[in-house]
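Presented below, as structure tokens, is a lone chain in the form predicted on its own.
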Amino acid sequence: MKIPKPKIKGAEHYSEGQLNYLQRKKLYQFGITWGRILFLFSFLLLWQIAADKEWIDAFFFSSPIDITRLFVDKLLNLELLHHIGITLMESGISFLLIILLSLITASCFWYFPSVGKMFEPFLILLNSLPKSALAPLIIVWMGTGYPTIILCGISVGLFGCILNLYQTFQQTDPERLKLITTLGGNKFQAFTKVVFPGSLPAFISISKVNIGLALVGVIIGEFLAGKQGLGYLIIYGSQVYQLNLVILSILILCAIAVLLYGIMNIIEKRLKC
């Protein structure tokens, strides 16, 4: 059977060679997408068969059907949506604060280079410190609750984000900065007209990394100080041996991470346009 060629938008504007290349590219992407779907389906099927045939202990490893039943049950009574909403809210606030504080701090460091050089070693030190070691201190200082969890989320990505942004600003083409100065522009105009616009692709890439780090930090905070959220569900489920709940929460976290990364990809493509 002959495989139909994918339709190319605006095909009349392309040569035959270009159309063949675009068709091959679309077929390749089509194969990759369905290959991923097939792999995921095969994994879930093998997992279910292994649980049914008792190749694995369903108490410890659960099964796709049991997890789906639990998901539907928790979804119907709105309990799961509440915990997902709490984690998303904390992660969103943490991410926005990471970006805002990093942008302000890195801009100040670029504007005052001596201050940036003075604080750079301390930022490197704080960035290399395991953030899970800071969480107990934050809990002792601030107690439990949303502010503590959000601060845990901020601590994971803040220092690295500042360093990356500062280094990106420093790598701006000096000839372009010299041109701004020659034309009578001041340092603020150089930053707003040259430095930041030129650093925008790197800024988006850094944001894509930090949206995941914010989620990681929030989950650490919920592990230690949360009474709501997916991190709390994971800890609660492990304590009462409801491993279905633990695995379900982990799978939802994976889905959230993919969703957040996808949103950042869409924003990146829109900004490029």
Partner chain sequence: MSVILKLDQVAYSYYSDTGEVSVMDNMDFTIEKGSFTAIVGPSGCGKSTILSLIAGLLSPTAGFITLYSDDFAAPKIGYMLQHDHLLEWRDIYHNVILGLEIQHKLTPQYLTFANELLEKYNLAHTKNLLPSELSGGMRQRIALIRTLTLKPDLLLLDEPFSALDYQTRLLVSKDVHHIIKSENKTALLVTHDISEAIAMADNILLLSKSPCHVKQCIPIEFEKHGITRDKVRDSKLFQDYFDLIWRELQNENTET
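Numbering follows the first chain given and starts at 1. Just so we're clear, the structure is a prediction, and the values are computed from it rather than from any experiment.
This next part talks about the form predicted together with the partner chain, which is not shown.
Partner proximity in the predicted bound form, defined as non-hydrogen atoms within 4.5 angstroms of the partner chain, places exactly one of 138-146, 187-195, 81-89, 156-164 at the interface: 187-195.
Not displayed here, the partner chain is kept clear of residue 117 by more than 4.5 Å at the level of heavy atoms in the predicted bound form. Shown alone here, residue 182 lies within 4.5 Å of the partner chain in the predicted bound form, counting heavy atoms only. Although the partner is absent here, residue 175 is a contact residue: one of its heavy atoms lies within 4.5 angstroms of the partner chain in the predicted bound form.
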